[in-house]
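Heads up, the chain below is alone and in the form predicted on its own; it's given as structure tokens.
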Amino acid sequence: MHAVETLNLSKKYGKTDALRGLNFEVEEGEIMVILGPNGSGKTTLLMILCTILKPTSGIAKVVGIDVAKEGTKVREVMGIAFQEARGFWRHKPSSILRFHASMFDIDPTKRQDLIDQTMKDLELWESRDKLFMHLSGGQAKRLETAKVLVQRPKLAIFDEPTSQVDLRGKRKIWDKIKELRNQGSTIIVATNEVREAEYLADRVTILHQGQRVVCDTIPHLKDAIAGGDVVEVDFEDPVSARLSEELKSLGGSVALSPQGNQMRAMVSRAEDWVPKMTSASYNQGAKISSIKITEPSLDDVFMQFTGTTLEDKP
């Protein structure tokens, strides 16, 4: 049984198709990152999974429970950090977290220690007695994440968890999300940030115009780009014509500098190509002084599979 599964899931807003026959699976204990630009259907999918929206058609299940038919049971096993932080404007972070923790099966003798440590980990401790309406955007986002970290649900959902948060804060949130996974939660993160996806994902689902385009690990997605790896090699001396021809026969696109001692190759799998190149060079007595390998980015992956960039509107 999948931790999350959708079958031909669709959602319409009037004449607009937010989701179109989406088939999507998340395995137990993994961090699944949903990557796509604004308007790709990410938030609509999450709102259906957490029972706020009902699908127009199709099925969505969380740990085998139909979200449309048994919403109460779904809400017992999942928690969500919304894209827009939620809190009563005159409440304080400390009281918001205490109230949130009181609704779940958390040992009362350990509850306050857990809340205090979570606020310290997310740099909310100094703001614990501020009114919600006085929190900065970044502090409010940290608080929204803290709710789920305190809850420790079976399924944890984060919708753009680090928007409005500085880089230092982002890394703290990412590390806490990974820690939550290591404690046994299944995680879904929706984002349009490549760095966030790279840091967190066990697998990535690319969502485009309400449809799943591809789902795989990041290395496999990058390997799918033909000629996507760039290998730059410096030789101590100019490369002989014989070695040049042999290197070109290894595959990919190979070009030498006018001086003949620098090479730039665009190949599909650098991890396979580089050992062949070094072996051929060694056999012909060519000495290599440096090798630099550049992989495709997730921006490149997104462009490869959708024909657009993450900044483009779908």
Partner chain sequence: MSELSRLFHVARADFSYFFRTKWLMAVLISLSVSDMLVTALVYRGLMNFDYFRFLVPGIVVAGLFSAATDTGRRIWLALREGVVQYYMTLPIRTSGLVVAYILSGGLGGIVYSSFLLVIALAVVPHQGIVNALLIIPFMFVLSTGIAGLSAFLASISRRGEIYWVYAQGLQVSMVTISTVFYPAQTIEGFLPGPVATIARYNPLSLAAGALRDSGFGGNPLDLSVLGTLLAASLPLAVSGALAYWVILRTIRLRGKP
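Residue numbers count along the first chain shown, from 1. From a predicted model like this one, the values you see are computed outputs, not experimental measurements.
The discussion below concerns the form predicted together with the partner chain, not included here.
Checking R195, H91, R171, R203 against the partner chain in the predicted complex, a heavy atom within 4.5 Å turns up for just one residue: H91.
The contact residue chosen from I59, I288, I52, L256 relative to the partner chain in the predicted complex is I52, the criterion being a non-hydrogen atom within 4.5 angstroms. Considering the partner chain in the predicted complex, the lone stretch of 134-142, 217-225, 178-186, 75-83 in range is 75-83 [heavy atom distance within 4.5 Å].
Within 4.5 Å of the partner chain in the predicted complex, a heavy atom is found for every one of G87, F99 and S102.
Residue contact with the partner chain in the predicted complex: R212 places no heavy atom within 4.5 Å of it. Among residues of the shown chain, H208 is not one whose heavy atoms approach the partner chain to within 4.5 Å in the predicted complex.
Residues of 1-38 placing a heavy atom within 4.5 Å of the partner chain in the predicted complex, in sequence order: K11, Y13.
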